[in-house]
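Only one chain comes next, encoded as structure tokens, the form predicted on its own.
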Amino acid sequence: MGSCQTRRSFLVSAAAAGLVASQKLSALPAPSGSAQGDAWRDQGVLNLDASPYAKLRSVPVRAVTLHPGFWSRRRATNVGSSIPSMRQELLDHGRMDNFLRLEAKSSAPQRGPVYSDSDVYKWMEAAAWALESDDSPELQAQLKQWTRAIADAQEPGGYLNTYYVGNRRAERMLPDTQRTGHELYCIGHLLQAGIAYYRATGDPALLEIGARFVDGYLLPGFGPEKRAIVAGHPEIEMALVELYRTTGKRQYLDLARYILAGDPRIPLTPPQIVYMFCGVPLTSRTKLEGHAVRAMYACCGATDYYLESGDATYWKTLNTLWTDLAEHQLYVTGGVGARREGEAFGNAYELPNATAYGESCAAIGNMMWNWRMLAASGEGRFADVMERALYNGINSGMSLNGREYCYRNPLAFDPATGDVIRNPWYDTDCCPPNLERTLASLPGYFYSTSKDGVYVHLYDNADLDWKLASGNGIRLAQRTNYPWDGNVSLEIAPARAEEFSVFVRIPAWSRNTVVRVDGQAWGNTVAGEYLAIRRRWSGKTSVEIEFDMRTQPVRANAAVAEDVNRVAFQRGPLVYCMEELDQAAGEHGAVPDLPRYAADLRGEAEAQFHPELLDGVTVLTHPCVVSRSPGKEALYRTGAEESSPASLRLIPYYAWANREPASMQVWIPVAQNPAGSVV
């Protein structure tokens, strides 16, 4: 199938959509108790059951139970602290007043940027995914209340946006508005919130609001021989594909294809093409550039389209872009986006530390894209990037108490700049609810199924109660202290005996991994790949995995200028950093000066778990040397620098900035001997 849709096929599908503009989504599987049963319960974060080019199928969030462990604590904080406090922040900053004003239920003026509606929708998606894991009448009542308010604000023709009303009404979907106005971005997030709410409860009310915008406003008025569309901020593409997967209505997939292909009737300048990462055929892209979140979301939508179409030009382009990500643009923390200006990718190997942007939304987009590439291929390289982003560049975005957030996630920080890195609210508040929806949906990322068996992607105390492709039930229980410990115990129990494979992921960082099945060594493990354990399974079978948890010094490519003669430390999936709070006081009790610390690589790190520190973390202690400071240091000086031996104390990167303001750095200078060579 080509990357551009014919005008005729688009118009046929659009005409069909017009017939249901004011109707409910009759193609949705019916809620529980109806004649059609509750098929909505079986849909995962992505509903890939009928996707012809998906190698892996998602499992529902509700099919996975997280027991006490690393992620259960973070998710409990998300539900108990983050989601409730963010709801109040949204109320306090007028985000719901924007809707109520349109119903004459509030006299407050419009507040917030053009994309403010999306903050509400992302929060609702987070709350919806949370309902799959834990029934909360209070949370469900809040969702119903906000759903009614949004429905009441929607215009009879389907249009819905609280910014482009009144004297801004004439600006709706003009070419200039589409480039910067985020109308489709907001509706994309509404669709995703509606889909999550539907999959959690069987209630299609919120989803019908978003679909009504598409059916009643977008499809009848826009397309190849109507008014042109440019996404402006990619997001709508993946939402439309997921709407297609949920309803079976082909016109939604066709619309996503049209938007991904670009429409030349909305002319764009070269800087706009770079920055927006849309408006021209996605298959013409050869590198990641421009706004990092836009690029990640565009790649998500394009991968979703490939999973449905099998268009080889898309798969080739996506792999080209992924190679650029992995080889030139990816921070060691899994973050992406080097530049504050434009929240953008830089040139190849442009990965600064203190000025790194690393927006939380971009790291989330990185994980979302790699999840889709993993579904298409079953290849471990995509899961490795997912894990790197999740444990580090995403996890760092939310404070341990769940009420403050990082918009950007630098790899070096000095509070003397006046920057406050964690805040409870941003006027551009995209990151906080994005982090909340990621943690709420996280159980849905642990496992997949395929025609060959079941895949284990992530490790924690996570029980799966689901079914194989054959329909045979399967229970898979994990017990582990991961990521602090590398031992993982799996217990696999199919409902009836069957031959299939259990694919366990061997992370790229585990240089030596041992796998045993019922006590017997199994196969040769390869770092960065899945190990297929194929056998006839019956009763309960134990699989024991021992990952290599030795601390590893990580060096950057020599082309990364800021990291020359520096090293980062990684243990398991966690990247570490040094905060000044953990280092011994300097001369005369002065605050430690981090630039004076240099790692002595002749020694090895010692790892020790500290349950009282930062909600419980493993601390690394590594030999180092500390250069001495003259009483009044000159800007330049000659002669050898005096130093003395000491120890570095390193904490996981995700836990930094959770105490008092302090300097931090991930990349640490490497100590040199008097001759100047690295020791």
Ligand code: FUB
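Don't overthink the numbering: it's just position in the shown sequence, from 1. Given the structure is predicted, the values throughout are model-derived calculations rather than measurements.
Keep in mind that the form predicted in complex with this ligand is missing from the display, and what follows is about it.
None of 87-95, 423-431, 209-217, 326-334 except one has non-hydrogen atoms within 4.5 angstroms of this ligand in the predicted complex; the exception is 423-431. Between this ligand and the residues 388, 437, 199, 291, the one pair within 4.5 Å by heavy atoms in the predicted complex involves 291. Only one of 407, 446, 382, 466 comes within 4.5 Å of this ligand in the predicted complex through a heavy atom, and that residue is 407. Contact check for residue 580: every heavy atom lies farther than 4.5 Å from this ligand in the predicted complex. This ligand is not shown here, and in the predicted complex it never comes within 4.5 Å of any heavy atom of residue 576. None of the heavy atoms of residue 125 is located within 4.5 Å of this ligand in the predicted complex.
Within 4.5 Å of any heavy atom of this ligand in the predicted complex lies no heavy atom of residue 537. With respect to this ligand in the predicted complex, the three residues 182, 233 and 359 uniformly fall within 4.5 angstroms at the level of their nearest heavy atom. In this stretch, 324-349, the one residue having a heavy atom within 4.5 Å of this ligand in the predicted complex is 343; the partner itself is omitted from this view.
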